[in-house]
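One chain follows as structure tokens, the form predicted alone.
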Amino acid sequence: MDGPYISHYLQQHTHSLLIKSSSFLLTISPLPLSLSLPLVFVFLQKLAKMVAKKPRIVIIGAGMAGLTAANLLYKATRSKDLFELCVVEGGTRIGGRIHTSEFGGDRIEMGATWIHGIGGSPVHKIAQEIQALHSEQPWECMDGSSQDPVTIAEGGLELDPSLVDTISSLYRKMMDFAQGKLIQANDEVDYYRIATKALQNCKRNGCLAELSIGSFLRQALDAYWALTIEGEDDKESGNWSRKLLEEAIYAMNENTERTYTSADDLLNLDFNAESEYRQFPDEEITIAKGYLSIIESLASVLPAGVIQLGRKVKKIEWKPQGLRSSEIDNGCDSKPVKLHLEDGSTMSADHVIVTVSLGVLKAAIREDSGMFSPPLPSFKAEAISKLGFGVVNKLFLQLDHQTHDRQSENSETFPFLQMVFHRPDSELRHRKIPWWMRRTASVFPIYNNSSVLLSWFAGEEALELECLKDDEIVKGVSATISSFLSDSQPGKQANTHKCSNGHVNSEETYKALGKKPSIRSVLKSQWGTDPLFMGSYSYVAVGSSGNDFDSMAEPLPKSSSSNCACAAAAPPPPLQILFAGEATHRTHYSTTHGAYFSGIREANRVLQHYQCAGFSDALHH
């Protein structure tokens, strides 16, 4: 029998064992009663230690991965009480990078926002089961993407949707090719030919093994121009030529991609790994009662006290070489992992499931960190180092009630504004637009007729946003919006000229406001500087691959290291440190469902390790 099963048996029969063993020892002992009783006492002490030695599992982090693992471990074994389970969370709330909040009377998400495809998503299944998909309170993106975007070029030139759709379709088709989803078709534009031409050009220019998405996309745009506008006039509209407009629309799509992937620059995003990423089918939706409702549902089955908030782990000691014989013989606490917490306390464990972000792990492998003692093995540290981990932040803006009255039937709502910027080094750029706004693709109401607007930021701009004061944000955003929607900014002449596919006076888009939009308050996420996260989510950087996600998921010590050559030590206890979280899933990284799957994986790994008569049925849950 394995240790946990023995412990379970002893717990169930402790009372009868104590009576029978005491009577037996007293009966067979040749010693007087006064000497026999101490022996009985020693025996009972050892028996009590055996009873107490249930495997202790500590999960670091109360986000999606950690609570999913805790949920499964508890539900699979609660009737047998086989494990001692604890979840330690460094913050003051559960959820991790899931953080539902309120702003301007609306329910919003500071972190994870979307269920990325409802077909087969475990998150969607839970949301259905707990009836979280309907709410009387308005919530972020509750109407999906029902609002048609208005695309305006810097200076006030509103673009014809046909021009925007043509370039945006080109961009999406090129991403489909990178993801292995583009097939040859009889389209008006031969996208497959453009993509293969771009790939050939990339091959000529360098090694395909380290090709980036950014390089491929730029080659694709050049190939498109070579096929479509060769010999045509490059008509100008105000300060814009046709080619500059198309490039800027393309860049707008690239900036949106940065928020999808968290890559600061698409030149850092690996091309070859893109086809491994998997998406669920069907529509993408938000959760009416908030993403936090999923987390609360997972946590609700756990007994009080299992989740401990405000307990940040500072150091993890583990034993890759195993326990020394003296440690085992002494009968002391021989659990192989010891956690040191910031409050000065310590915890010992048989198994620790680490679910902290890749950003925290990147900080942990620095020479001066000391978070892991001994340091993580080279294969693990290299995977952590090579994978990308970026910053994406959300900025919520509440419009002043004087400029936005959601109750008024005659009120003109703020549009779903897509912004097409001049190049950062262009002499034509609007000088009052701050640099940190120039790679923001859009600003839009979080649902139709909402007074709350939303913009997404990635990379350096996202980090800069965290450092700015609220009044600096209001000033910068207001200047940007005004340059696109107002008729008083430089470049108004562009409104009166036809571009290659479009013309409109953007002043009419927001004329009902009667003045520039006034921002009442702001709310921003700050994932980059939060020491509990140090970023948002992972991506495959150039130089890394899907194999690095597999290395991230490998538990410690590796099974091959169990052949210890040292006679003074026993083989190292297995599964001392396990790893879960979105950055440990090869095909669903960067998502909440990827984190969910990783939590299930590691919980099952522990259950399988202890599989024996009495609770092997737990594996079928």
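Note that residue numbering follows the sequence shown and begins at 1. Remember, it's a predicted structure, so these values are computed and weren't measured experimentally.
As for the form predicted in complex with a small molecule, it is not shown, yet the points below apply to it.
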Partner-free chain; cross-checking the small molecule in the model of the complex, the single residue of 441, 249, 88, 221 with a heavy atom within 4.5 Å is 88
Heavy atom within 4.5 Å of the small molecule in the model of the complex - the one residue of 352, 213, 360, 387 that qualifies | 360
Is there a heavy atom of residue 301 lying 4.5 Å or less from a heavy atom of the small molecule in the model of the complex?
-> no
Contact of residue 396 with the small molecule in the model of the complex (heavy atom, 4.5 Å) = no
Residue 114: heavy atom within 4.5 Å of the small molecule in the model of the complex?
-> yes
Give a yes/no on whether residue 156 approaches the small molecule to within 4.5 Å in the model of the complex, heavy atoms considered.
-> no
Where does the small molecule sit in the model of the complex: which of 183 to 191, 433 to 441, 199 to 207, 310 to 318, heavy atoms within 4.5 Å?
-> 310 to 318
